[in-house]
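Given next, in structure tokens, is a single chain: the form predicted alone.
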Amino acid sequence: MRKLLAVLAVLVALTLLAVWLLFPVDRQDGEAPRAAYTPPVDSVERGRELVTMADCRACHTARGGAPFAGGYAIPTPFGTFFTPNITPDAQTGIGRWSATDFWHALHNGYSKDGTLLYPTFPYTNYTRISRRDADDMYAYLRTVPPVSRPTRAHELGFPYNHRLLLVAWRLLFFRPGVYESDSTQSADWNRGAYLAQGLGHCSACHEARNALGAVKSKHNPAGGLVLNWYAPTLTSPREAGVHDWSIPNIVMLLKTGRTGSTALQATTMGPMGEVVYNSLQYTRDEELRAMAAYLKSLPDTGARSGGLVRSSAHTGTLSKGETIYADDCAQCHGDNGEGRAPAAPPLAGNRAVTMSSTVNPVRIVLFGGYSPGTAGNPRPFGMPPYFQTLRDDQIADVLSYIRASWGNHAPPVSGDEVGRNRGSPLF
């Protein structure tokens, strides 16, 4: 009997500790670091800018649906999540939420009624947002047209459909806390860190995840798989690191979806292209410069030269790939992968096709791709799809040839890798 009571006492103590950790009082209001410009005074206008930078509309708007009315499907290894309605509708949206309720969702990861939120909603990043910024975001969302649309239930497999498991997940992987400025860095750097770590939630896509969906990149600096695309790590110059880029080139890529330098040609496609289209193209240049300063300063986790795995593709594979390249690719990308600006980027030395992950080049050959249409890039060039004209083994052959030619030294691609991606054309 005494042992049973002791066990119950321990369970009660652990439960109380969990409640205290999961539902902390608001003792962390914080203040967002300022860059070298004065933001708009009007709370609603400032909130509109912040909501746009956070890319809220993209996730909380179903394709063809009303803005912020929810219903957007997010496929994950755990099942499909459907985003909620965040319009000010009193019955199906957040019309009855207070500014503090909204702050709790961003900062602590739970809803107005105390329901724990799944971390598909990136509160693990948004917790860094200051209380003032959260209040301004709330003020703007109160002005959007209310839409009556009930939130669709998530379609999750067992055991992920039991929210009670989130108690353990949060104890292991989440601690609320606003951004704290680094006094050794400049105001712009701190502003960029605040935007990238919190509001922009870059790590939500660009960091590897463990089997439970928590970030593991502190021990394994790699990118992550998002909506069937690979989001490359931002800390390696062999992937998406911008350590050697100029600030103007970084800003241009974030603002327009492409770089204008002939010596440095880069474009965004897939989910990142949508981020540029929906969010970053509308962001102030001052904010983008601050983000660029922060991104340039990230630790370098990859060698700039050497260290690449040389291709082990069979000679026959390379020969077949060379023939396909000459027939279908060389007209745009050049006989030697030199590219033809501005329509087609070079493939020689292009880290987008030599990264260890082959997901993105496979998907681009299968389904094509365009950089986003923006004010700075209103008529983007694009890549046509080849899923109807090339078999899996042919796409594997041509990509293996590209990854092994003109100074590229990357492993070959298999037909199975192509086949796995052929089955998931949309994101």
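In this text, residue numbers run from 1 along the sequence as written. All values derive from a computational prediction rather than experimental measurement.
Keep in mind that the form predicted in complex with heme C is missing from the display, and what follows is about it.
- With the partner left out here, heme C still marks one of 142-150, 168-176, 181-189, 249-257 in the model of the complex; by a 4.5 Å heavy atom cut-off that stretch is 249-257.
- Interface membership of residue 55, defined by any non-hydrogen atom within 4.5 Å of heme C in the model of the complex, is confirmed.
- Looking at residue 353, you'd find a heavy atom of it within 4.5 angstroms of heme C in the model of the complex.
- Taking the partner from elsewhere, residue 332 is found to have a heavy atom lying within 4.5 Å of heme C in the model of the complex.
- Shown alone here, residue 358 lies farther than 4.5 Å from heme C in the model of the complex, counting heavy atoms only.
- Listed residues 242, 348, 318, 293 were compared with heme C in the model of the complex; 242 is the one with a heavy atom within 4.5 Å.
- The candidate spot formed by 163, 231 and 365 lies fully in contact with heme C in the model of the complex, as each residue has a heavy atom within 4.5 Å of it.
- Contacts of stretch 362-398 with heme C in the model of the complex, defined by any heavy atom lying within 4.5 Å, are made by 364, 365, 369, 370, 371, 381, 382, 383, 384, 385, 386, 387, 388, 390, 398, listed in sequence order.
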